[in-house]
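Two separate entries follow, structure 1 and structure 2, each one form of the same protein chain as structure tokens.
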Structure 1
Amino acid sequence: MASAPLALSVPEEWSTRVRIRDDARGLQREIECRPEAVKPLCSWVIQTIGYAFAGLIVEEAGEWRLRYAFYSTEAPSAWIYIVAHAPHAQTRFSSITEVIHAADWHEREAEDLFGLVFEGHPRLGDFVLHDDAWQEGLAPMRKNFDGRRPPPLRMPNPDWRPRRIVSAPGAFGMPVGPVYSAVTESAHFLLETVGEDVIRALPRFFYKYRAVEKVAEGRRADDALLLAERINGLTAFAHGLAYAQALETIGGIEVPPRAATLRVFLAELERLRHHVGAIAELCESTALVVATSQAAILEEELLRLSGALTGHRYLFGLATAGGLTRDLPDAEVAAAAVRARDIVKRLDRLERRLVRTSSFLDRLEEVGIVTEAEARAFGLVGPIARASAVSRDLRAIQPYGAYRDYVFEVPREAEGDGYARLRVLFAEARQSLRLMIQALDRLATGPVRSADAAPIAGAALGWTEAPLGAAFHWVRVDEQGRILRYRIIPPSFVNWHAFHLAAEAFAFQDFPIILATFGLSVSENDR
């Protein structure tokens, strides 16, 4: 899906100790190595080549394969995978968090789910599987773990206590969650302080860990599409599309031009609706009742528009390997674009009112700051990264589908505060409308789904720029088209890692507003 082959070689000192394999199109380079070479090679890819870390993919197939994925952030170029092989009996590896801090949660997750130990990591355990609910060493993602049956013996740690960092006289911790009213998912935040400002914010997630990757194993690849869409119901189309593109890469499936164009239209419709909903929640967090209602009305209109056009308010059941499950009449697509244009005009009016409301700006400006250096160190993605001057957008730097032929801007702000994140949401909503109109003008006649291809064994990564940021879906299938390994790296998993940066050094009353400016999904994280 990238558009330029890779022209580089590994450092000379490693050239005789690695095996380099390029795919037929030169759009992907695998550097196979022994585990001890992983850390210096990862450092080389990040610091010398300037690539970004996409994630860690652990595979168990008679041996361990640890795949570290990297992508270019400057221009479309080939992906780099550093792949370490090790005997199955080996479960200890060197941590790369010293050179790539963004790998922190990836290694913690692999330790909890696969039982691997990353030596040198500052803190392992009590992550996905909470120590007060599950015993150590369970390793539910191992092949010998039967996910259809509950563990025969459940032995949590009776001595577990919440983690504390602040120990000064008078220090106390204020718990937020994990139980909330309404539809808010379960997440816990321990805010530590000795006064009114948060000194440390310690998040705890995975109260409703769904083990989607384990559930998918053994299923037919097309059946698992239902799981991909349900990782985050608010961004179902983006996740379904990333999964479908992985299958298309494995099978060499060409998507018909009409389907590729409609995919752009639907993806941007989803982004527009998502961002309007995020703006409504942000207004609600600052107690602007009228503005909240106005934004919520626009979100509801976009939901109705989506339902009328596609049959589902959240665009479920549309993406599939080879295109789309159904065609959309040209006249109805055009009517949807006209309606979306009207909604964006009203959204612009709301923005003008908000930026003239001093009491609103006081709650956002210079509050919840994430610096550019922090955003890069934590590998942030999506609107949150772009509000901190990190303008990564996979539609531009790793274009997929029809996006390489479209013209749009990637909004970027530099302050990294709540107001910058709000401005990015408004600007991206306008760009989504711009892309929808371009898609409407490029609609061609023809089918919306290629003929079904025979199952082919293989593995591939599919990606999209979901409304919350970069979403990666790694899929490996066997000759019968059944899933051997499914790895999901959603944007919320990446961005929650850095949320504490925004919450710390600000007052307790700022916490719910900062939370709203991030607008992340707990359920997507608890996949």
Structure 2
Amino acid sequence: MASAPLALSVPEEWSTRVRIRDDARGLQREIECRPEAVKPLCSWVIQTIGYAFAGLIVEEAGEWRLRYAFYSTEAPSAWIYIVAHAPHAQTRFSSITEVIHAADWHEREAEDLFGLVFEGHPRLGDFVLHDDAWQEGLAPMRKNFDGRRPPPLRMPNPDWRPRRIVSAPGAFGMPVGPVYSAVTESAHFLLETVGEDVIRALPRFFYKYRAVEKVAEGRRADDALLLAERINGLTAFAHGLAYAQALETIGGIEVPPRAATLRVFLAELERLRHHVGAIAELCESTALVVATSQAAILEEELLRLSGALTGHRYLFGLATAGGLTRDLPDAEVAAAAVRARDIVKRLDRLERRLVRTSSFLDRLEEVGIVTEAEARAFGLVGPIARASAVSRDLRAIQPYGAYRDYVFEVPREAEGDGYARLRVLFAEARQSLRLMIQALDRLATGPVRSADAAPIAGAALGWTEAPLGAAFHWVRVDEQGRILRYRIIPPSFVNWHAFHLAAEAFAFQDFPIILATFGLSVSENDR
């Protein structure tokens, strides 16, 4: 956990109008202010301090609490929260999207789900709740909305039509989805064109909105963990772990060393399996049949390895606050590492063949470009950011669990195209194996779970570097250990925001390939 002292002071003109609260453990600094101060303070944190925007967490607790979270992208250091308090009757706030573009979707989401208005935001409405399915002003995240049953009244707007941007003569829009291709997650893309190239790609998500943040409220903290694991089943362990770490921070719960080591092993096994799967999909999108099969074989072997080692192919049911739900025998962990090493060797061979296949490279090189400046403006995370020269990796910049003691590299590429993203996946898979082997060497004896402690009321943020990038889970529990507020900021929510940048100005037939090089989860975005 971060412990470096915060060498920053709030600018003179604000110092009398804010209240600063530092956490005793040096984890965070809260700057409490009135809503009018949010915009200048946020731009100060981004521009002067150089922190990155993690997300907006809205809480309704008699009053409105708008918490803007920021983290250091350099040396591990405390988090900064700008917290605006406002009376409950106030529903209009000023938008910060103009100064922090990454806040765009956060504000749209808060508008839809809490009924708050962000003045100055360029585009509100039809986001999470589709206007052709729900009436305006439902605000389901408000405490007085009963989320357990369907609303008594439904007044969808039958005249709703997707917004078109291109108005040149001969322009037409090609809708893709929500049910498209053979086996894909449900999402909709409106591709606008005047001929060959996609000029605008407008995604429409949240067909899969399961209201996880809402249904978590009132549940026991350990039951909400089941939701955390299932916002993206392909990276269940990383999300379960981020959630568990939030509870551990709230309760001051220590994780036994053996569990901390096994957590690294399992998290990296998951990353390796995820990346191999992503590589398989990428090969499939370019119709390279043999390579697809070879990657898919490796993926199935990793799924079986995970299943045989832990009981579940996707590592469900392992993470828990205070450690793991079960121990794994040393010999089996060692055997899994040996098999993983063999799989990575075969993966390396696959990579060597792929980089010699010019027809394959032609489909990826200089296709689907996201520049470094764009990646920074959109606050991108994970392998996609790292392929655009932004090497943010929470394992390195905000180390959690045992990662501080491990040696690994954060792969980075500069081109920001599909090929760069592919190379990052291969390189990260190798680093994951390296971490698994280090974990194996460090396996201490002892318990894998600390004794259950009485619940403590409080709130905290837990984070992990999930296979797709930074995963932030903000949890507030009451003294009975029940969830008051659960805010999830998954990497796909952040990265889909920039997907249109990659899809625009490329030919139609590149669209599925660009989609595959992003390799994002819709489920996690829609949650």
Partner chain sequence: MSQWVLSGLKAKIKTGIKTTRYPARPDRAPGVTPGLPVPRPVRSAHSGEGDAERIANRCPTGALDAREGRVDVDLRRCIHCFRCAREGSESMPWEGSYEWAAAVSPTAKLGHAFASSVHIRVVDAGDCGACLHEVKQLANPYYNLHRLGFFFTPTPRQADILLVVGPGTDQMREALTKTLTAMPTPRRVIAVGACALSGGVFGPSFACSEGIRSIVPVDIEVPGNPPPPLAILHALLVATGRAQSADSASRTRQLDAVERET
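In this text, all values refer to a predicted model and were calculated from it rather than measured experimentally. In this text, rigid core is short for the largest set of C-alphas that superpose within 1.5 Å between two forms. Just so we're on the same page, residue numbers count up from 1 along structure 1's sequence.
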Revision key, fill the gap. Structure holding the form predicted in complex with the partner chain is number 2
Check your understanding: Superposing on the rigid core, does the Cα of Asn144 end up 2 Å or more away between structures 1 and 2?
Key -> no
Exercise for review: Give the C-alpha shift of Ser181 between structures 1 and 2, in Å, after superposing the two forms on their rigid core.
Suggested key: 4.7
